[in-house]
Ligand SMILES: Cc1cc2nc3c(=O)[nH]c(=O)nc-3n(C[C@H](O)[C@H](O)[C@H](O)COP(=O)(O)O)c2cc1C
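Take a look at this one chain, the form predicted alone, written out in structure tokens.
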Amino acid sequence: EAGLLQQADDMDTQGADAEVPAARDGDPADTPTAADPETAAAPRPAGPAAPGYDDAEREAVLKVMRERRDIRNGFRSDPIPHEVLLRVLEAAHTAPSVGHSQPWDFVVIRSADTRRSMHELAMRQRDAYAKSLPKGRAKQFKELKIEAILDTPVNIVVTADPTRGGRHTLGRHTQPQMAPYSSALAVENLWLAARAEGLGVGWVSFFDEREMVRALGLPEHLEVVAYLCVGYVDEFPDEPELMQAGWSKRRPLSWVVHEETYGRRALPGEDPHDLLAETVAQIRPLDAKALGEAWERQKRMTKPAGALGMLEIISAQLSGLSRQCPPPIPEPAAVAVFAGDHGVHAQGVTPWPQEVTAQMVANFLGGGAVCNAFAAQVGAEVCVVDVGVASDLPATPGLLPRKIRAGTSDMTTGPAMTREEAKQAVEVGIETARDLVAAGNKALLTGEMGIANTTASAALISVFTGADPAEVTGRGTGINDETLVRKTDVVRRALEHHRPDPADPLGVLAAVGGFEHAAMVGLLLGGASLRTPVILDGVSAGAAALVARAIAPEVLAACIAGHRSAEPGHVAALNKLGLRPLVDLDLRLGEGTGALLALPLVQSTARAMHEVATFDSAGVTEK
């Protein structure tokens, strides 16, 4: 939804030179003064606080906020009486604004010709946006109605004038963007007042702003904040239309309230949440009822029992995970590629220079990597997360900057990271899972990039499987025999130095893991807590899954092994996890490539549960 659901009482700013009463003779020596702002106390109130609304009035205000909707469908052609529209505009005009600058203007459009012109501009941008989407998203987007320009009797353009108030507008000295922000508050006032009048409002953002300014003949210095379609509607849906369409989900309040510092989540009156502990507590086993229904349905489908092999197991798993049969088709999907560098690179475990990690991140963002090609083929989104790349990466669309530190330390001489850093990286993964699922993704895929990360993977797998380093250390990017011997020795020395305890999975991660491994652990835990399937990629994902299982054994309910890597450690990890891979093609690239190849198989088995007829419905005789 485009609306802003936050209350703002008054954004007028008190002057910085407000006077503080001088100390009087006889005042205590520690009485706060203007020179002692940190200890200054609020003045003692002279009487009772200003009254709030009574219960009924307060509930009416909150009700209009809860029931405001961004409307696209069901508009009526009924005209809007002038007095009703005037009340709505008056409400918008009473919005708070920084420095009381009131930068908004409202252009009311009724002309059919003008609305047709605006509709044509919006359709061009809709088509351009559709072409930019992954196939899974584009298919979903095709079904959405994104505007009601021609369906509504009134359109309103809300603008912001950044010049209004002159050069020295109060509150905009360091933040000139306060002009459009203030106009956005006027949009919210307008929206709430419209809802109280029974008017639906739809915010259309599919415009090139400068193109719209020219088409409407607006002054060039104005910024367009919103194009609103306004009219009476048949009904106001119980949930936002995009939620009903499965495009996105509402994020819980507990995810977004922070106490004192960012990341210290706590609702008023509650103790701060431990994100990792909270996530683990929400992980549950597969739903037995849905699981049973899935197996029964498999028996009734028009095919011999067991004919789909492992796919039948996957379909039952998806049903148990989602608590429904047939399960949702896991589309759209996103692969999270976590990138990080490794201090152990200094031990000569790979001939590839460390800067390749950052270069490959740029390649992912530019769409030139194998994972991009595979993602385009299967219709998945590629989400790139910098969780520990050694070099600074420029801000780029598609890159999530979540760097814990610029690469881990050398695990042969000390811990790869601190315990707190390991936990922070896990929480990056949890947050990524939350963001991707809230954005409407119904399957998550693991991906990673980090030169020397198979060395850390081998160390993690050795700890959790008990296998000797020689059994689980592989050639990674194709190293020669001499380098393989050195790499194996490095893993062995690191384990002898730390003697990590598999009963302490965070401690193991801190000692010999990588930031991308820790983030993948979080992605698995976050996906499982949200009952969303997670398709695992190769050896690094297998290592992360071992850590995640040690933290929360039920996490495996959400895990699907996408493929079996050519790395020997991956075979050991899958055997320990009890997971059977869907694809076995001797892949050893990483990046989420194996998981992406497996995605259509997982989607196909869910689709079969929806679309394959039963013997009864098809009139097919059973044996």
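In this text the structure is predicted, and so the values were computed from the model without any measurement. Note that residue numbering begins at 1 and tracks the sequence as displayed.
There is also a form predicted together with the named molecule; it is not shown, and the following applies to it.
With the partner omitted from this view, the residue of S205, S409, T114, N73 that lies near the named molecule in the predicted complex is S205 [heavy atom within 4.5 Å]. Per the 4.5 Å heavy atom criterion, the named molecule in the predicted complex is contacted by stretch 143-151, the sole one of 344-352, 106-114, 143-151, 410-418. Heavy atoms of P240 reach within 4.5 Å of the named molecule in the predicted complex, making it an interface residue. Although the partner is absent here, R68 is a contact residue: one of its heavy atoms lies within 4.5 angstroms of the named molecule in the predicted complex.
In the predicted complex, at least one heavy atom of W191 sits within 4.5 Å of the named molecule.
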